[in-house]
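Here you'll find one protein chain in two forms, each presented separately as structure tokens under the names structure 1 and structure 2.
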Structure 1
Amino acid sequence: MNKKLSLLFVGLLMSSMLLIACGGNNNAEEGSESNSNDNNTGNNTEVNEDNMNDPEAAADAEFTIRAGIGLNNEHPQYKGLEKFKEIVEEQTDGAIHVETYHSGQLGDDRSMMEALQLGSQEVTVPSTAPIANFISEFSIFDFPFLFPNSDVADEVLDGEVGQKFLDMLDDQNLKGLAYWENGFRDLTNSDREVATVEDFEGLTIRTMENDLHLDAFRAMGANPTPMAFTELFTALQQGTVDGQENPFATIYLEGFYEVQDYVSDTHHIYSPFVFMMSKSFYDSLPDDYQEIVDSAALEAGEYQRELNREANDQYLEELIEEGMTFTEVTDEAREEMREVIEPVIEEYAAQLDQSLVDEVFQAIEDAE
């Protein structure tokens, strides 16, 4: 009897350890600021019931796509996923069933990319920052003031240069299908208005844990402090840091207006999303289904970009209505900021393929 009880105890203990190990980390990667969007739903690890309420459709489908993101279901990124689902299911007559998951329900950006590589997940849409962990060339999209506006970003990303980066994903068992939009990152703080490079002096700003970003803010006189996004609201509330930088949508949806007084449209970094699919899954699809998925990713991306730009304009207005002081940064001031951090950009550009860097800058120049 004692032996049986001992074996039962060991079995229960091993089962508990397995469940803990499988739980994983559902905080989203910094590139998407994923918990960002939870707007009090952050770190929601419950299964999205919307995807589970039609078991018949899933059972009848030839293929199932599990598409996961870090942002919440109020963000334009998730609305884009819903559009992708609508197009694919309609054009395949339900032969492909798409399940959409938000708020890091399937993991953070990096873990979801790894799941795509393993074939245990089919779609995710990370920012370019976490992609650089897999393909260093993608770090060029972290260069401050790379794109002067969204029109130029669209032309470059949707052109030959953008396609060249998408093609690099193949070697990682990932299939890059389209560029969506996270948007321009802007600054908030509780100390003062920021309109010029001099106004950064001494500000303690939470940034992503990205060496290029850290060095760029240091060059402008700020004290950048990397920390987990999940800790940011409390850090702002307690004054551990003076400010942070994110797109307006994230700033509003996270409620940072409750603990921040000033917002400036610094537009210091433009961050794309990359719609990607597991290459092994993509290759398993018939040619006609591949074409449908390709066009759906592009069409949903155009829809998502438009929503994102409308949302950012709307959220800026709402931030002002919530009592934040808005400071408009001039093009001249942004150019001065760029000149100050130019040595930092040159240092990091030297670590990449120079011909590729030149090609990106030339494409931007041609698009302006």
Structure 2
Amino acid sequence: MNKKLSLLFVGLLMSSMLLIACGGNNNAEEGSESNSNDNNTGNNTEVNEDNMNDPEAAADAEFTIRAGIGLNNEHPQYKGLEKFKEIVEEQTDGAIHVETYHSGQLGDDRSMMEALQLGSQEVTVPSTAPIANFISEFSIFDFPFLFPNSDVADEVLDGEVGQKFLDMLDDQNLKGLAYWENGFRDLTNSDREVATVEDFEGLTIRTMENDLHLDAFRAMGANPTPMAFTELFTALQQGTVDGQENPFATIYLEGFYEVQDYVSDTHHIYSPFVFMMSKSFYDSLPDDYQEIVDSAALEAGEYQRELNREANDQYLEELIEEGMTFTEVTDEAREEMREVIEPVIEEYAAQLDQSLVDEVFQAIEDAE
């Protein structure tokens, strides 16, 4: 090939790469359908146009918040984002415009947190598990069987201890504004009924990207694989893993019953969500707008927790109706699981500041 021809070829290649890159970005900004859950049930991937990018409202606004989550637009987590949008836009008379994205349209928990740090996204609401990759202290909240019930979780998280953890996010250029709720995690798989520790033997289970989760499942004899939520449905469908663990709401609303046969109420971990904002963006807001987003994150969180809780039992019923076999896990079996995992908890606790660990345990005891 002569020099001119090869230059032309390189030029064409570069412009088509640029076009592909721009196309992808525009799709996200216009709130196009998620590509992460395309194999999922049809009703779960619909985009609620009302809440997506409205170019006129965005043009009139002083500030735009792009808020993204991993779960789909049927989930209470997304309803919470819609509530946040409603409050903020109303109270600022549209000076802050909120765009809401679901189903990993803007990325998974980790990449969205990184985008917040870089200032290329403003809000995300990850589980605490991936936050531990940024701030190891957050692994405390993922100690299996830590919170006995959601009332205790609320009291601890919404109190002084919870605030202490939110403040730790500052150093990561993240602003923690509130705790929302993912919920008690339960196990599904396509291989067998799971009622006791022994039943975990050899099961390949997708976990969140968190070392403590991996070690806890290893301790129970399972074969855990960390994976972003955006890849999970396909992994279950293709049999890359036998199972996964998530609250009933997620199992039902993400259509996992289509590719999983067994569900057990292991309730092994209570997962909080953390509503967070890019700190540099938060700092750029005038004081009165900061107050509005602070209280909107809390108010939307209360609403989100309520929705999450009121439908939880209903979701289990729906899973059974969809044909899943439900296995009830007894308190004794849960206690046995806790005992098997205890050395893992001790190992992780030993790596953290002892007084902080004590403080969390004390706050739980006080709230009980």
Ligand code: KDG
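Owing to the predicted nature of the structure, the values given are computational and were not obtained by experimental measurement. In this text, the rigid core denotes the largest set of C-alpha atoms whose superposition between the two forms falls within 1.5 Å. Residue positions are counted from 1 along structure 1's sequence.
Looking for the form predicted on its own among these two structures; is it 1 or 2? Answer 1, the form predicted on its own.
Does the distance between the two CA positions of E89 reach 2 Å or more between structures 1 and 2, the core being superposed? No.
After superposing the rigid core, is the C-alpha displacement of T234 2 Å or more between structures 1 and 2? Yes, because once the rigid core is superposed, the C-alpha of T234 moves 2 Å or more between structures 1 and 2.
Flag for V263, CA shift 2 Å or larger between structures 1 and 2 after aligning core: Yes; V263 is a residue whose C-alpha shifts (by 2 Å or more) between structures 1 and 2 when the cores are overlaid.
Cα shift between structures 1 and 2 at E328, which is computed once both forms share a superposed rigid core (Å): Reported C-alpha shift between structures 1 and 2: 3.7 Å at E328.
Can you give me the Cα shift for P224 between structures 1 and 2? Core-superposed, in angstrom, one decimal please. So the C-alpha of P224 has moved 4.3 Å between structures 1 and 2.
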